[in-house]
Ligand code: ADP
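Given as structure tokens, the chain that follows is alone and in the form predicted alone.
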Amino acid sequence: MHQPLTLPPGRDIRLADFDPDFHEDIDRADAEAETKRHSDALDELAYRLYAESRRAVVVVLQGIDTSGKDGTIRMLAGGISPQCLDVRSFKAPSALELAHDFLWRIHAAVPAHGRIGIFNRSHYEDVIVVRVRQLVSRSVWEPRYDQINAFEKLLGDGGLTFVKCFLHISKREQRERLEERLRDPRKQWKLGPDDLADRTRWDDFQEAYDDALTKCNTHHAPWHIVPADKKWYRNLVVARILRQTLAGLDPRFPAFDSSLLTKLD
């Protein structure tokens, strides 16, 4: 059984066409073992990228509340050396950030050459949340699709590779996770009034994501739709995607100056 992770640019992406509980008939134990193998390989690839220091990668994690962004970050960060990794979380913009264009804070967080960045939410909040909550008018958020595409192309031309992952969960699964947070004192702090209010806007969020995924699915920065009802399968898919991306970049250690060998006492 197969479910595509990506669709060609120009095709409409509708989340309703993707099964959030898809897991290719693999069981949890096998999935976790494969994820561990990818994680081990990622550490070596990340180290080579760091040594090469000519290109960078940013993993963009988007998804509705409880889709598993934090858990995905823990999985990736558990296998990659901190010297190679940056993690940034984009919450409601500060007064300083609001005094600039919407991409200003994103550009400032882009990882330096040689590093992997992970974005917990991103510039896509400015065509999703602001649209659904009606924080700005349509005349403001609608042109942002083209601005985002141009921005990602600019960064790509400068050596940045985007790995954009939409963590796709079902409404049923979200309810179960919200209920778990309500019961668990260690997770209650994650819930606020907006989180519960946003659940009543489920269909609006799905429509907003459909548009963002369709309009910003480009050859230079494609979207990956990650089934995320099963956390262990979500982790496997993201680890696979990142490993394949880094392997495709094939980072190399800098050439060694053999004359240094003669300078040792």
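None of these values were measured; they are calculated from a predicted model. One rule holds for the numbers: they count along the sequence shown, beginning at 1.
A second form of this protein, the form predicted in complex with the ligand, is not displayed here; the remarks below concern that form.
S.K.: Are any of the heavy atoms in residue 91 no more than 4.5 Å from a heavy atom of the ligand in the predicted bound form?
M.R.: The answer is yes: residue 91 has a heavy atom within 4.5 Å of the ligand.
S.K.: Any chance residue 177 has a heavy atom within 4.5 Å of the ligand in the predicted bound form?
M.R.: Residue 177: no, not in contact with the ligand in the predicted bound form.
S.K.: Residue-level contact is defined here as any heavy atom of the residue lying within 4.5 Å of the ligand in the predicted bound form; does residue 125 satisfy this criterion?
M.R.: Contact check for residue 125: yes, within 4.5 Å of the ligand in the predicted bound form.
S.K.: Can residue 81 be called a contact residue for the ligand in the predicted bound form at 4.5 Å between heavy atoms?
M.R.: Residue 81: no contact with the ligand in the predicted bound form.
S.K.: Residues in which of 169-177, 71-79, 132-140, 146-154 have heavy atoms within 4.5 Å of the ligand in the predicted bound form?
M.R.: Result of the contact check: 132-140.
S.K.: Looking at 187, 121, 100, 113, which is the one with a non-hydrogen atom within 4.5 Å of the ligand in the predicted bound form?
M.R.: If I apply the 4.5 Å criterion carefully, the residue I get is 121.
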